[in-house]
Structure formats: C-alpha cells, structure tokens
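Take a look at this single chain in structure tokens; it is the form predicted alone.
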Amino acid sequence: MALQQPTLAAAPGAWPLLGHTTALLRRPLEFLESLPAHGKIVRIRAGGTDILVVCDLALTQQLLREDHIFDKGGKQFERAREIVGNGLFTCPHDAHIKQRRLLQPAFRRSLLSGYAQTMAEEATRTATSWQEGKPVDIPAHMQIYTTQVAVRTLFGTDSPPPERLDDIHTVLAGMFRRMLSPTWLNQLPTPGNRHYSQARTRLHDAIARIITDRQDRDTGIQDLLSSILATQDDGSAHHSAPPLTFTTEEVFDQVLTLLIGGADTAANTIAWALHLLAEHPDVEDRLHTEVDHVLQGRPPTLDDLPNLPLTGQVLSETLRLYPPGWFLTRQTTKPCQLGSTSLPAGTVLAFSPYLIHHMPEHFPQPHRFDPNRWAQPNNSAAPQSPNSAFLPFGGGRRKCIGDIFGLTEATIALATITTHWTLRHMPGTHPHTNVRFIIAPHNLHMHPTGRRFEPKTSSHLVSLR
C-alpha cells in the first residue's frame, strides 16, 4: 500500500525490491536510531510491505492506548500466528478482552509464590552445575534455565521430550527472518524453511499430546496449564454476560504463547545483566553485598524480592538497554488519526521500545549502563519506573500479562547466580548483539570464580544513591 502523504518522509537507503530489509537484517538497531532525524513517523519498506515507524513517545503511547484502532497486525504477527495461533500475544482486539480475563487468574499472586519456588530450584540447579575455571556459555545456560521454568510452571511433572526444547529455539530463530522475507521466499523448499517447518510441527504435536492427556485426567497439579483448563469467567462483572471458557484450540494457543514467550525473553535479559555486571565491577560488588546481606547464602523466595532493590534496578536498566520486544507492528482497523497524521484502514505501523529507550530526551546518556536511574527515595526495589518512556513490556491493555512472572524469574536467577559466582568475560572474546525476534547476546562465554558467603552487618550495605 502506497501512502501519498508528503508529510511522511521515507527513510533513505532503500534497495530496489528489498527496500530496507537489508538494513534491518544487518544493522537493525543502528538503522532504527537513525530514523527520528527524518520525522516523528517515517516510512520504510521491508518484506514487500510499507511500514510506518513511529519515532515519538506521545504517538507511541497513543498507538498503545488505542488498541482497538491500532490492532495487532503486519507480517510480524502473521509469522507469530504460524506458531502460536491466536493466543493472547497475537490475537486481534475483539478476542483479547475475553482471553485476558480468562488468563489473569493463572498469574494471581497466590500461585506466584509456588512459581517462585520452582524458579529458585532451577536457578540453584543451574548455578551449582558450573565449575570454577570452566567457561560457561551464558546464553545457552540461561535458555536451559528459563525453558525448564516454563515447562515446570506450565506442565508440572509433564513435559515435552528434551528434543522439543530445541524446537522452541529453532522456531524463535526463524520468526524474525520470515517476518522480513517476502512470502514467496518463505514458501521455497530450502533447508532452512524445511527445518523451521519440521520443528514447528514436532513442537505442536508434543504440546497437543500433553494437553489432551491432561484433559482426560485430573492430576491435582497446581500449574499454569491446570489453571487455564479450570478457568471460567461467569460474566457477573459484565452485565450478566454468558459464561466464558477457553475452547480446546484456544487452550493450545495460550500454552504455546506462554511456553515460547517464557523460554526466550527472560533468558536474554538475565544473560545481558550478567554481561553488564562484568563490565561494571563496582555495581557488581554492591550487588554481591546486597544478595549476601539479604539471602545469607540461601536460595531467594518471593518475599525476598522487595529487599533486593539494587538487583531490581540492574534488571530495569538491562531491560531499558535491551528490551525483549524491540520492534513491534500494528495495523489500523479503520481510517484514523495518529497525532496530526491521517491514516487509511490497513496501514501497517511499527513502534520500538528500543528506540524510545535510547532517546536522550527521555534517558540522558542513553547508551550508558546506569542502574541509579531506577533508585527510589526509600531504596525499595523498583523493577518498573513511573517513567512513561519505559516500555519493555509494551503498554495499554495489551501490556504483557507475564511481566511480573518474568521479572520474578530474572530477579531470582540473578540473585542466585551472583550469590555463587563472580563472572568475567573470557580473554579474547567480545560479546555482541544478535538481533532477531528479540535482542540476544552472542559469543557470551564467561569465566566463573566461586564466591564464599561471609555474613555482614547492614552497615556494610552500599547504596547506589
């Protein structure tokens, strides 16, 4: 769709046929940061589609707030629906209200305490599996940790075969490439396309078997799947609407959404946090002091999290620098206004938490790692800031339902690992970003040095403030 609106500048550097696909694949973050110089809304072309990139905070907030007009759409969500169907992350506006109401009980605090215990067990298992002096592939180990947490909290004692966990990573890796590629290219019988399709089919079959088995028997397990299967909304708060429940197909879509979403985003956040701490040993020293004082060498619990303010601040700053959803698309459902710009129905737009997080007017020295940005006057943990430019989980009614779950998972892992180890980059290695569906660290191998817990009084605690 070509928009004949002279006020909307096109980004320079488009290639014939490919448009800006090459820039998005080769140097996506640099390309994004170049766009605000050309306007608040900038036109790019990728995957054979015109996309209007929103480069302004107020317009981004409007887009997130008016989700009935700026609905989930574009090639990003077409590719995601190939995997998770119409789950909460991908479903259109008219299905979202029902799905969110039905899923919300699965994330109530009474269940979060049990989830946190599972997270602590898996974090301890991961940390104690390392050996001093033996290099650790941090992203790989964090993927194992978060995937195991996702499997255990979703399925309890049931779980897909180990090889299906590899399939999760295969389909995630393929989503971004397929989103930017023309449809005809994704349909060619190339080895990459076949590998992606086979992994997707195997993963779907394995999860479907688990769901069918659970529907046929009452296990008494308190996990996300049992909560989803038992959920019923009586509609009493909505003018006596008829009861709502998930269909079997909708259960499948929610499970795949939670499994795939939970396996990748938190893993990369933890890995980036460990990388940043190694680059800033002064912050790491203070974090060690905090976890030693609060945890006394034991695994963390949900009740410990409010007493780990610096741990929360480190994760907030990590999420600012490396937000999981760095480039997200929407599609207009009808003719509308975005700010002062008129848009026809069917317009594909994109917004970028990464871009907003790296605008100096919202975060001074935006490329600097500074956990002190998030320090609160009472020194309480602040994984979320009132700063409206902080968008790692999106915003509005489509804000990630698992934000507290993911933050809890990352906080427990970071506190557990830093209780046991000091990590340093391997000599001669240089970690760098691997931008696909999310921003992942690549070549992040670290050298662990064991830490011995030594009790300290509160006077030893050092505040970042």
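Residues carry their position along the shown sequence, with the first being 1. Every value quoted in this text rests on a predicted model; they were computed, and no experiment measured them.
FYI, the form predicted in complex with a small molecule isn't displayed, but the following is about it.
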Checklist entry - Hey, in the predicted complex, is S316 touching the small molecule, heavy atoms inside 4.5 Å? => result no
Checklist entry - Is F437 one of the residues lying within 4.5 Å of the small molecule in the predicted complex, judged by heavy atom distances? => result no
Next on the checklist: Test of understanding: in the predicted complex, would F107 fall inside 4.5 Å of the small molecule by heavy atoms?
Outcome noted: yes
Next on the checklist: Is it the case that F252, even though its partner is missing from this view, gets within 4.5 Å of the small molecule in the predicted complex, heavy atoms only?
Outcome noted: no
Checklist entry - Does each of P324, C400 and F405 have at least one heavy atom within 4.5 Å of the small molecule in the predicted complex? => result yes
Checklist entry - Pick from G174, P371, P139, P392: which has a non-hydrogen atom within 4.5 Å of the small molecule in the predicted complex? => result P392
Checklist outcome for this item: Note: exactly one of Q143, T347, T269, T311 sits with a heavy atom within 4.5 Å of the small molecule in the predicted complex, namely T269
Checklist outcome for this item: Testing 424 to 432, 53 to 61, 405 to 413, 23 to 31 against the small molecule in the predicted complex with a 4.5 Å heavy atom criterion leaves exactly one stretch, namely 405 to 413
